[in-house]
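Only one chain comes next, encoded as structure tokens, the form predicted on its own.
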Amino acid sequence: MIEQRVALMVDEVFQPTRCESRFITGSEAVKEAIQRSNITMAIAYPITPQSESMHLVGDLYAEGYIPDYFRGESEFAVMGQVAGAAMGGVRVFTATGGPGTLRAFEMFPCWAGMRLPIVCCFFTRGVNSPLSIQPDTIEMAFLLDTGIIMLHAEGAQDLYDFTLRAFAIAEQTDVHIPVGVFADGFFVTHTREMVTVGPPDVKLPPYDPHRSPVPAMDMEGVPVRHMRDPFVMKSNFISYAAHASWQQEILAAVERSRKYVHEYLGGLLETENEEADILIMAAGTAVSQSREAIQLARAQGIDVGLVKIKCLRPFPTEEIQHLARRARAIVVPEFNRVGWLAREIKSVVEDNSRVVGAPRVFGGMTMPSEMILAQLQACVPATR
């Protein structure tokens, strides 16, 4: 194994005096994050556009940074094997995307229900027929209510930061649920940008399973705890009560993660010019396209602010309500057909007729900044 110094605090891994800039892809940013994450195991199954990232994580195994790495039989098998590793009390990582996410879908609410602090990267793509491997974020709509914490990276820098810091959020005793780090497939995974990374000879403090709210299982001594006392064998009443209260506890754990998202990511969202009459609220690479549109709008004398939503679960409800209080119009550009982010925002703001759920592109189409500019121009009369 490669020798790395174990950091005493998470922030030591991000030491600004020892950081360096690299021109790398999003997939390579994942490798850089996992190299410093002190994981015990990574399990992979290929699915475009995720394959490259787990290929590179496999290189870390060959280089001696990860004690164990193997390929599962399918996406569903991988998510079950990841769950087994986490139940055994080790820090584990995997990634998936698109149809692979849906093939494994049953395991995500199970991860949350079992209080497993797994970190998984989701690289989004189209999932509908006819077949597409192109960028599309519709799968995120399906995952919103699975009980996992959901972070959405704008670019490779976010992907590096979010992936590495996700372990610190997931493993807090009062949280201890999985974190999904989402990035728009290809737009982020297969393009390069300058990414600031920490020193390679330092890694995160180790995971301590004794801080878990549920005990780690001894997989050598069957029957393991999860199956030893199945309440479904006692009575329907006990089963109903147990499941109902446990689901409430998972939702409460998601809410308790807010303070750690603030501590490790600097908040659930970021803003620029938040007092403007027109606000763009966006997540993922739609934020980058919005930045370009804002420059075009300002050249035409249109004042626009930007709200970058980094965390979708827990959702920044109070922050968005506060920011929306004086906006005359709120434009929500998205890379999916259904407009799930606009729907989320409309559900929490007063007078949601101000929310413009457009433009939307999907199936791999790009979103020219002029499309967003056209929506901003259409909002101008409402600001007079």
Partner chain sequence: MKMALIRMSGLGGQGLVTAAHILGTAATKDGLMATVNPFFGAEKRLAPAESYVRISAEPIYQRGEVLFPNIIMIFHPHVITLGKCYTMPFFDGLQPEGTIIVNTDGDLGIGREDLEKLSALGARLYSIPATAIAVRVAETELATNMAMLGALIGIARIVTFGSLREAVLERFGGAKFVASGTTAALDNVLAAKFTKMDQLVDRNMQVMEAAAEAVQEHSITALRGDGCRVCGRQG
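Nothing here was measured: the structure is a model prediction, and the numbers come from that model. Numbering follows the first chain given and starts at 1.
If you look for the form predicted together with its partner chain, you will not find it shown, but the lines that follow are about it.
- The single contact residue among H190, R71, H243, R256, judged by any heavy atom lying within 4.5 Å of its partner chain in the model of the complex, is H190.
- This chain is displayed alone, yet in the model of the complex one of Q172, T146, Q81, Q134 has a heavy atom within 4.5 Å of its partner chain; that residue is Q134.
- Residue heavy atoms within 4.5 Å of its partner chain in the model of the complex occur in exactly one stretch of 86-94, 246-254, 201-209, 149-157, and that stretch is 149-157.
- Contact with its partner chain in the model of the complex, defined as a heavy atom within 4.5 Å, is made by none of H262, H322 and V380.
- Among residues of the shown chain, E12 is not one whose heavy atoms approach its partner chain to within 4.5 Å in the model of the complex.
- Although the partner is absent here, R337 lies well away from its partner chain in the model of the complex, with no heavy atom inside 4.5 Å.
- D277 falls outside the set of residues with a heavy atom inside 4.5 Å of its partner chain in the model of the complex.
- Using a 4.5 angstroms limit between non-hydrogen atoms, Q375 is distant from its partner chain in the model of the complex.
- Residue Q295 is the sole member of 293-327 found to place a heavy atom within 4.5 Å of its partner chain in the model of the complex.
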